[in-house]
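Here's a solo chain for you in structure tokens, the form predicted on its own.
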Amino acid sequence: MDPQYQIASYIQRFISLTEEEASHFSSKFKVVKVRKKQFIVQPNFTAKKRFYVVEGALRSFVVNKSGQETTIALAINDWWITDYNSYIFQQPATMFVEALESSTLLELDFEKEQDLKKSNPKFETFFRIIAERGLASQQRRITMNLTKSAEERYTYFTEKYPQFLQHIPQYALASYLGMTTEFLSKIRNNKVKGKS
């Protein structure tokens, strides 16, 4: 599917647009292809773009002083990713955004997003809706991390987001769920044994 058509189709899941509006919206995006392990956002550089995943998988993560990585967000087809604090406030990023596999993305420049919002209240509504959904998702994740066991978090994730499992390496998923890779392996092995 043509990436410009895909983003026009995606936005219409949330708001209805005329053909002209959909064309105007999608014209602001640029198709970019990234290699596996390529960084599209890095700490200390301002994130000037947000990315819609046409095809592929990415993660955002931070690295602490001892070199330990913590995955903050995951994105596959039809998901968005960037360092949002950097992007929204146009200040230096604090995290990395890395491709987990070769990916096709649509990038939207910060200034072009502002222009879209000013040009049509429907576009403003669309960006508000996806921001609200992202905020609700972050709240669920924080609540789950504080109130559920590692096994419960893994079960919830696999039931709610099964499409991620074939794209996300175990180390990134474990980090995202707040556990070690070894512990995630143990949970997965126990689930497989439980099914046999």
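Source: prediction; values computed, not measured. Quick note: we count residues from 1 along the sequence shown, nothing fancier.
Omitted here: the form predicted in complex with the DNA. The next part is about that form.
Participant: Please determine whether each residue of S16, E20 and P121 possesses a non-hydrogen atom within 4.5 angstroms of the DNA in the predicted bound form.
Facilitator: Not a single residue of the candidate spot has a heavy atom within 4.5 Å of the DNA in the predicted bound form.
Participant: Tell me which of 142-150, 128-136, 22-30, 42-50 has residues with heavy atoms within 4.5 angstroms of the DNA in the predicted bound form?
Facilitator: The contacting stretch here is 142-150.
Participant: I'd like to check something about K160: if you look in the predicted bound form, is any of its heavy atoms closer than or equal to 4.5 Å to a heavy atom of the DNA?
Facilitator: K160 lies outside the contact set for the DNA.
Participant: Are any of the heavy atoms in Q68 no more than 4.5 Å from a heavy atom of the DNA in the predicted bound form?
Facilitator: Q68 belongs to the contact set for the DNA.
Participant: Whether F183 contacts the DNA in the predicted bound form should be assessed with a 4.5 Å heavy atom distance threshold; does it?
Facilitator: So F183 counts as contacting the DNA.
Participant: Does Q170 make contact with the DNA in the predicted bound form, using a 4.5 Å heavy atom cut-off?
Facilitator: Output for Q170 is yes: heavy atoms within 4.5 Å of the DNA.
Participant: Out of 10-43, which residues reach within 4.5 Å of the DNA in the predicted bound form, heavy atoms considered?
Facilitator: Going through 10-43 in order - heavy atoms within 4.5 Å of the DNA in the predicted bound form - the hits are K36, K37.
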